[in-house]
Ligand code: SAH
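Only one chain is given next, in structure tokens, and it is the form predicted on its own.
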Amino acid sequence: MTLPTVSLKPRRAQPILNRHPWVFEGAIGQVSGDPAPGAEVLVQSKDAQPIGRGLFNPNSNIRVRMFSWDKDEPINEALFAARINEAATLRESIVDPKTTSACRVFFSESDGLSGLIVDRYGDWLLVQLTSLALAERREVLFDLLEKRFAPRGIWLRTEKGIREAEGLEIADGLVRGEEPPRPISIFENGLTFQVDVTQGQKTGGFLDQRENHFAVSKLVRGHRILDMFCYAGGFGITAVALGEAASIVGVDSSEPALELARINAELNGVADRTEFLKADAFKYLEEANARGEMFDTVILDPPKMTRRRSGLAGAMRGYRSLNELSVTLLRPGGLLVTCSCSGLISQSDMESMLATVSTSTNRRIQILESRGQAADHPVSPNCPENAYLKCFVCRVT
């Protein structure tokens, strides 16, 4: 079978030759063969030298997602099965089931299938499809996931904005087996948490922060902690239960998330040292400064602040404001834990922001640790956008 072809512009081909899996609209010189949305295509240089195979989407700014750099390797069930099995084997080697019952078992480009994300919460799988082409092949993928993991059920989650970005028409819901309970109980770092995998943010929990929750807990013994954007309490409850922090104030704008946080505090025996408040983050920080409150640790873990490059400047202003307000609440020698999950914002962007905050607040900031996402969210060096999570642990004097 002769595949449709996508020919690249000479000066725009280098990222693909370096195995970046996204072919953007602006890199394409010519499309031949009239490929339908989701069709398999051969990607080649301007002089018709084959580069590899991908799946085409004329509705997306990512026109082609690459799946193989072998021109003769078809994108089929066998390829999907091999990638899923390889990813599952990796997780079995790096995630300890004795301490953690939830993890990411497939991470899109890093595991070789751009647009497929799968999280496991106990006996259930939560699937996100961020590619039109994979969404069209979802029944094959669900079959393979059932075969490899034998879950009690598979629930599909859709990422905000992905319908528009990819031209997708899919909805959240049960696709295989039994519905997951609401909430579902998991354990993380030996602690018990309840999460809402059908309605909560992302796929229900912040599995990428699991190792950061534990790392921060080792530094906060006796601290009074302010946990901003606390969601279901992962950072704060771990800090009190494992790190022997004196107390936490958790703030979030979602009352359902705060209800889970209160339940989780009870489950882990730390309810007497926790307080969870519903409030807008900026307003709470401004009012806490006006009251003259002081904390030993402030944790900032806001949701993604931009999805487009056009929003970068505004996002960085937001990060700067949050961090300035937080630094002024810290006692000398206190800890600032500041995070960004925006893939378009780099580590150097965050470091520059912290330098600006240090100057504007007249406080010295020392970065003690620069951390990323948990190991079950691996990063492909060919696709640095996968390194989306930045977590800085800083001392502020």
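Just count from 1 along the sequence shown to find any residue number. Given the structure is predicted, the values throughout are model-derived calculations rather than measurements.
The form predicted in complex with the ligand is left out here; the points below concern that form.
- Though the partner is left out of this view, residue 253 does reach within 4.5 Å of the ligand in the model of the complex, counting heavy atoms only.
- Contact annotation: residue 157 falls outside 4.5 Å of the ligand in the model of the complex, judged by heavy atom distances.
- Residue contact check for residue 230: one or more of its heavy atoms lie within 4.5 Å of the ligand in the model of the complex.
- Taking the partner from the other structure, the ligand in the model of the complex has no heavy atom within 4.5 Å of any heavy atom of residue 122.
- In short, of 105-113, 92-100, 131-139, 202-210 it is 202-210 that has heavy atoms within 4.5 Å of the ligand in the model of the complex.
- Using a 4.5 angstroms heavy atom cutoff to the ligand in the model of the complex, none of 27, 33 and 56 count as contacting.
- Think of it this way: in the model of the complex, the ligand has a heavy atom of just one of 181, 302, 167, 153 within 4.5 Å, and the residue is 302.
- With the partner removed from view, the residue among 280, 244, 172, 86 that has a non-hydrogen atom within 4.5 Å of the ligand in the model of the complex turns out to be 280.
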